[in-house]
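One chain comes next, on its own, written as structure tokens: the form predicted alone.
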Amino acid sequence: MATYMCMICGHIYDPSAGEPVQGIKAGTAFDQLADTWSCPVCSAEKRLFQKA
């Protein structure tokens, strides 16, 4: 699974790790995240992430 980077703050979403702080389990692909999901660091919208 591909990683995605926030174009605002540089946070990397790694599906192998998920986002435990947000309750997103390891193994969750970026495409499976809700359209309303946002960056846990800067709150950027999902559309502002780019494949890393």
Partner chain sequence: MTAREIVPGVFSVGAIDWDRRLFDELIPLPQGTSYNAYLVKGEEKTALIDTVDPAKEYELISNLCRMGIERIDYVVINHAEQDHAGSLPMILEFFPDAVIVTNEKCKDLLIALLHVPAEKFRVIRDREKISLGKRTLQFIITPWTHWPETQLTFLEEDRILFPCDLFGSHIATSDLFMSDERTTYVAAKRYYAEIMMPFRTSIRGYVGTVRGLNPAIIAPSHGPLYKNPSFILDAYADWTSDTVKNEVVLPYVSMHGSTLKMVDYFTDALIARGIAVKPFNLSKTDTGELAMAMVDAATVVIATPTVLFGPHPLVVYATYLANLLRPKVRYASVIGSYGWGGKASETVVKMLDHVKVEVLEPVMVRGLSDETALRGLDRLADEILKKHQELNLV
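What you see is a predicted model, and the numbers here were worked out from it, not measured in a lab. Residue numbers count along the first chain shown, from 1.
Below: the form predicted in complex with its partner chain, not depicted.
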| query | finding |
| --- | --- |
| Distance check, residue 42 to its partner chain in the model of the complex, heavy atom within 4.5 Å | yes |
| Close approach of residue 20 to its partner chain in the model of the complex, 4.5 Å, heavy atom | no |
| Partner proximity in the model of the complex: residue 29 to its partner chain, non-hydrogen atom cutoff 4.5 Å | no |
| Partner contact for residue 34 in the model of the complex: its partner chain, 4.5 angstroms, heavy atom | no |
